[in-house]
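Have a look below at one chain only, the form predicted on its own, in structure tokens format.
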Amino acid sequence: MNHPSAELSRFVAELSFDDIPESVLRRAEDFLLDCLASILAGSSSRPVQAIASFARTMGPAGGPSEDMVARRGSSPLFAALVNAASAHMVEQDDVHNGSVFHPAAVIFPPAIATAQALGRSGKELLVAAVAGYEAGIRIGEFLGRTHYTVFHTTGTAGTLAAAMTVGRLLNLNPAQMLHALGSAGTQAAGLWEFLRDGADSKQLHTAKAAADGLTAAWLASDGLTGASHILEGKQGLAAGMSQDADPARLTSELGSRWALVETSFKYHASCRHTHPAADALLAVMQKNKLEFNNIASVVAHVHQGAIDVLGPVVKPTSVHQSKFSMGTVLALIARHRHAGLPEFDAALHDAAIADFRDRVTMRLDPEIDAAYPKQWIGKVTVQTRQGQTLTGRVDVPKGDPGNTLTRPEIEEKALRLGCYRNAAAPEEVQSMIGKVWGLAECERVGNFL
């Protein structure tokens, strides 16, 4: 009998270090460093501090797992909760295009917290992370495009990815892993409506995905059962959250196609849906030696998913909401040639940025929409103040696997993020980098700071 949930659970439960190609393991280390730096960069923000305060009130006074926001020990549950909230805060964490899923923010925080609590090795942490990426990405692909119109896949699929990551560290057998999947799936949540209000829900999505997935795995290890067909069942996730779910995507090429290496780094500090147009605008400006003040208007040609997510954000009222504003992102690209954290901090009340923002529109492009989500093409049409019409196109945005970041670029990004708002000193970040690059030889995962 075809049972994709069980097949996926078996793959995760039985995955070993020797099964994973070295290139996949090295890329997992890259994404781990990227995630740790993102946690530091987000640590001082108000939403993250609110969740950290909750953890201090509700959680233990100490513990074996590293809360990187409060710089203290905590339980695995609360360390995962806080670190996952922070990992997604500054919009610099990784993303898998085909599933429209941010894996690192919901996989590494519970993996690190559990590995530290159980005394697991660096190799065991890496295996668990790879398992989480492979499962979570396939679950996101399974849920399909219609899921993403309403649900934030990182909150939904992320809960199940976290459960399978932690389940691997707990050495759950295939039957237990399936129970963990079932318990995670019944908790999976995350709705896009928060964007209309500029609310803080996105941090809660990753915090709860990490914590609820961890909870599901630990409960499965103690015998709690979960639905065995939580993904494809008649009243499972697909039935309630998708109109185009494809169960074949859950198990396609398990063990031969490594979805982790298809994952992209985020170059700009904004929603990934803005990046293709941002890179296309930058290309137009560089080619034509175009300056900020010479641009009369910009049309960003986009896929429907970009309109669904970015469309509700008309006039941003917070820095975080502005990262979901195509106009704001393109304004920063036009002025600074980069949309980084300091640029966003300064942009919210900048009249010139707001004026440019209001001269940017999005237009559905059939070619781009047909290629999405496998490929994220960027196209722009620029009208200059001199009456010229200029067009630009980028087929592989910066950070995608075909235009990826090198290790020196990843280290530079980690230093930039880790030192943001004095979250950590440069020497602390350098030490963290060394620990990540040496993780596979580490007999016991300790603190990264």
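The first residue of the shown sequence is 1; numbering continues from there. Because the structure is predicted, anything quoted here is derived from the model rather than measured.
Below, we refer to the form predicted in complex with a further copy of the same chain, which is not included among the displayed structures.
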item	value
Three-residue site 400, 412 and 447 fully in contact with a further copy of the same chain in the model of the complex at 4.5 Å by heavy atom	no
Exercise: residue 205 in contact with a further copy of the same chain in the model of the complex, heavy atom 4.5 Å	yes
4.5 Å heavy atom contact, residue 407 to a further copy of the same chain in the model of the complex	no
Proximity of residue 53 to a further copy of the same chain in the model of the complex, heavy atoms at 4.5 Å	yes
Close approach of residue 366 to a further copy of the same chain in the model of the complex, 4.5 Å, heavy atom	no
Option from 289 to 297, 209 to 217, 99 to 107, 325 to 333 whose residues, in the model of the complex, bring a heavy atom within 4.5 Å of a further copy of the same chain	209 to 217
The single option of 116, 153, 183, 92 touching a further copy of the same chain in the model of the complex, heavy atom within 4.5 Å	183
193, 345, 246, 358 - the one with a heavy atom within 4.5 Å of a further copy of the same chain in the model of the complex	193
Neighbours of a further copy of the same chain in the model of the complex among 203 to 240 [non-hydrogen atom within 4.5 angstroms]	204, 205, 208, 212, 214, 215, 218, 219, 222, 223, 224, 225, 226, 227, 228, 229, 230, 233, 234, 235, 236, 237, 239, 240
